[in-house]
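In structure tokens, the next block holds one chain alone, the form predicted on its own.
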């Protein structure tokens, strides 16, 4: 299983730790809100709206080096548009990994 890392952020920022911390702060601020909204959409069967939230969230996976998780989230987004929640649990696991990782750098 791939593990979150800061390689992409280091490359993007030319190893500017202030920039890296700013991006992680944005993730820490946005991700819990987006996840709560996503959970509400899933609970209420609003799968197309949930797909829009997955679209926003999945880009955070790339930022912390989770390429496979990004691909899985992209598939989840497409499936949600067909009212299919097959990848929901995997998506939640990946969001949790991103959240835990980014909180370590708070």
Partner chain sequence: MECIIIDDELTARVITARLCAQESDLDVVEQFNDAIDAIKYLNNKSVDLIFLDIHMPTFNGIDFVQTLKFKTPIICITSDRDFAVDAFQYDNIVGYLLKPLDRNKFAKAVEKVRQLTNSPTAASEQISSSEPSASASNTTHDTHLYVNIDRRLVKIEFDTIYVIEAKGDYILIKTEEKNYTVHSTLKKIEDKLPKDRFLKVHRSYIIHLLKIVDIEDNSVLIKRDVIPVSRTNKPILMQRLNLL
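Since this is a predicted model, take the numbers as computed values, not measurements. Positions refer to the first chain, counted from 1.
A second form of this protein, the form predicted in complex with the partner chain, is not displayed here; the remarks below concern that form.
Visitor: Would you classify residue 85 as touching the partner chain in the model of the complex, given a 4.5 Å non-hydrogen atom cut-off?
Guide: Residue 85: no, not in contact with the partner chain in the model of the complex.
Visitor: At the 4.5 Å heavy atom threshold, is residue 92 in contact with the partner chain in the model of the complex?
Guide: Contact with the partner chain, no.
Visitor: Examine residue 78 and determine whether its closest non-hydrogen atom to the partner chain in the model of the complex is within 4.5 angstroms.
Guide: The answer is yes: residue 78 has a heavy atom within 4.5 Å of the partner chain.
Visitor: Using heavy atoms and a 4.5 Å limit, would one call residue 23 a contact residue for the partner chain in the model of the complex?
Guide: The answer is yes: residue 23 has a heavy atom within 4.5 Å of the partner chain.
Visitor: Within 39-69, which residues have a heavy atom closer than or equal to 4.5 Å from the partner chain in the model of the complex?
Guide: Result: 48, 52, 55, 56, 58, 59, 60, 62, 63.
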